[in-house]
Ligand SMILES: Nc1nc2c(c(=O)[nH]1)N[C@H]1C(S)=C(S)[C@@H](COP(=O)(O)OP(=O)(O)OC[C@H]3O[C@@H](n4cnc5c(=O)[nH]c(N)nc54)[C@H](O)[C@@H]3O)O[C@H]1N2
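We begin with a single chain expressed as structure tokens, specifically the form predicted on its own.
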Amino acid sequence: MTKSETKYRICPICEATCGLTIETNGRTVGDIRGNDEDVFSHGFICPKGVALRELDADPDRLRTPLVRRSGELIEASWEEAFAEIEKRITPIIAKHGRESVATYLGNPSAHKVALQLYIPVFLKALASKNLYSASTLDQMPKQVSNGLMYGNFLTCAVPDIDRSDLLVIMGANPMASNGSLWTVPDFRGRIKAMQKRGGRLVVIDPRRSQTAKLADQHIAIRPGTDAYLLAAMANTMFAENLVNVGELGSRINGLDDVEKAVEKYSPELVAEITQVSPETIKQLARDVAATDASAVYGRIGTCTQEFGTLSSWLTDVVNILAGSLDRPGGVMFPKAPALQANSTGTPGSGRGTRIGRWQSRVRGASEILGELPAVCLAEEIETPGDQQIRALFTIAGNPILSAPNGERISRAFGTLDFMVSIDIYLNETTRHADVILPGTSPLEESHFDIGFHQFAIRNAARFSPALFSLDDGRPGEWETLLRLAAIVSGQDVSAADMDEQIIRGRIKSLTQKEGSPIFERDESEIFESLTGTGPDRQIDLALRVGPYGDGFGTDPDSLTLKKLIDTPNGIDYGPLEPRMPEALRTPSGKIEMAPPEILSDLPRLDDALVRTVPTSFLLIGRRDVRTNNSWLHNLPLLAKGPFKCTMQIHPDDADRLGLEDGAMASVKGKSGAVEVVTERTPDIMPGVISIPHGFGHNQQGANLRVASERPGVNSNLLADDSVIDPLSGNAILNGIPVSVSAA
């Protein structure tokens, strides 16, 4: 009889990264609760954390590779699967070149340490410029503006919510998302604490979301016009002499250029297009400028729109003009314990960020941070010619539901010569694969948040060992990626040997880098002192040379992986602290407030001002605390309750169209049409409808039994895959013109 144990875990599902306590009995998962002793989340938990039990035990979760034989996917051994991949992919590369093979990365790859650390190894071995990811369906505009302003795309200023007195949120719903590019567990509790001390929350959104219902003020705005409102706020600050950049003044380039750029965007000019009154805009600008601890935060609604990069940039511009950047209570830059580019190397300056180094073959779309826009993937498969995509690897991604015009993507995938997927499900995308390699349960692998520590509201370090070991012969995801890297590079080398080569190479680089904590140290001594293998060993190295690390004995009481393992509740490194100019990696060593690339995009705002305002509806998405894109809809705990995939519409609009609650509505966009259940609500602006993203689980060949019971509709079928935000390559998934009628 096995004994029940209590184990500790960081929840890997969303960006809040909450600490959990998990009861286990052998291989069985029992109660999952918030860990009251966790130094970061202090006991907070949402339904997604509790659902880890169901995710781990889901009978639909793949545990054995599938290989297509005579048109059907059948179970195969791991060696058979790898042999099939080598047999099929090698001649494609030999005949058509490496650019004939593409890779698509999905959102979960940012939540799993093995994928984060070893996908780059696979991509380097593949050596194809045809890389696509969910980043250009989500946050790429913010990454581009971060990179151009601060020198690195992950140098992202986040609201210091625990010390803020005024928080302005645009196009975000952290009550549902738990933060995004902002790691903020228990958002509700923190807002309540802010309001108790006299602070205010202002939410700017076309919909009165769960977050807006907490707010002291909700400002409804026409979808896709955030850049106009932010430009008008900046205009007001200059016009009324409210600009106060404080100590940052000597560290800024381009302040005068920004003043000229926003000079024309008066609140009066933008009132009609934003549907926000001039006085409301002016007063908001005055409040942000007058409050010592104010912060403006914009997220997915400001990114996945026509002017995503301009909106992302202007959010930082307003914070800088108000003196809020790098100030307690304003927006600040976290210091992560490991693998953060702006806390390693020479502080205060660097190479900066370059974009547009190559273009896509068909439409000539620019490369952005090493990848091409996801909307280009289908056309690159469909269009004959040199370097046409003939083979595809997908890793934890479901672009058929996540990207615009999923029906076109599905048709394109059906024409591929070969497709491989690493995934935990046979879903709408992986059903096209010739080989599916199962991912692991989150409880079968160790966990360390590489990216989300860089967006955290407080500096901390935490690590979770695997709760359960893998079955004999089943590789971890890092081993799977190394086997694939060996195959596509033509190497006959084991995953273990390749991993040792990687870690020794990184040690060598660090011992030869002046300023490194292990500069000129003995490489073998460093290697022998590392803990674990695979991702654990890499994390140990990164922690020990990081800002809190022990430097391999230089500061023996400081951070190592062993110390984190021995401290399951994590280590707190305190509130965010000012990091300018140390965090900058721009060539000038200054904040580039007016990047030429961004200023050159401003004429598009002028052009849009004189367009005829469409008489059709504008479609926006929405989030729910029980969902995370498309990959949690197969869990009973999260799928139960009121049906989530509805079309929210204002009652006045519904009356005009003859739509009652529960009636089926027909919604048509540029690329397709859906029939969706009507939900009448006064919480949405007239002329706007909202359908959540990530549904449409009714496609033949997928095996998602719970999700298929209430499949919902794929709202991205309505999006136009021919348009993008030109600076970031991001898809336009918000503010989409659609027509609505009774079905």
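We number the residues from 1 along the sequence you see. These figures come from a predicted structure and were not determined experimentally.
This protein has a second form, the form predicted together with this ligand, left out of what is shown; the following refers to that one.
Asks: Determine which one of 600 to 608, 554 to 562, 166 to 174, 662 to 670 lies within 4.5 Å of this ligand in the predicted bound form, judging by heavy atom distances; exactly one does.
Replies: Going by heavy atoms within 4.5 Å, the stretch is 166 to 174.
Asks: Decide whether Leu733 counts as a contact residue for this ligand in the predicted bound form under a heavy atom distance cut-off of 4.5 Å.
Replies: Yes, Leu733 sits close enough to this ligand in the predicted bound form that at least one of its heavy atoms falls within 4.5 Å.
Asks: Is Lys48 a contact residue for this ligand in the predicted bound form, using a 4.5 Å heavy atom cut-off?
Replies: Lys48: contacts this ligand in the predicted bound form.
Asks: Is there a heavy atom of Asp423 lying 4.5 Å or less from a heavy atom of this ligand in the predicted bound form?
Replies: Heavy-atom contact with this ligand at 4.5 Å: present for Asp423.
Asks: So in the predicted bound form, does any heavy atom of Val625 sit within 4.5 Å of this ligand?
Replies: Result yes; Val625 sits at the interface with this ligand in the predicted bound form.
Asks: Looking at Gly330, Pro334, Pro223, Gly151, which is the one with a non-hydrogen atom within 4.5 Å of this ligand in the predicted bound form?
Replies: Selected residue: Pro223.
Asks: With this ligand left out of view, choose which of Gly621, Gly323, Gly549, Gly199 has a non-hydrogen atom within 4.5 angstroms of it in the predicted bound form.
Replies: If I apply the 4.5 Å criterion carefully, the residue I get is Gly621.
Asks: Whether His447, Asp540 and Ala702 jointly form a contact site for this ligand in the predicted bound form is the question; each needs a heavy atom within 4.5 Å.
Replies: Heavy-atom distance to this ligand in the predicted bound form: none of the three under 4.5 Å.
Asks: Taking only heavy atoms into account, state which residues of 134 to 151 are within 4.5 Å of this ligand in the predicted bound form, ordered by sequence.
Replies: Result: Ala134, Leu137, Asp138.
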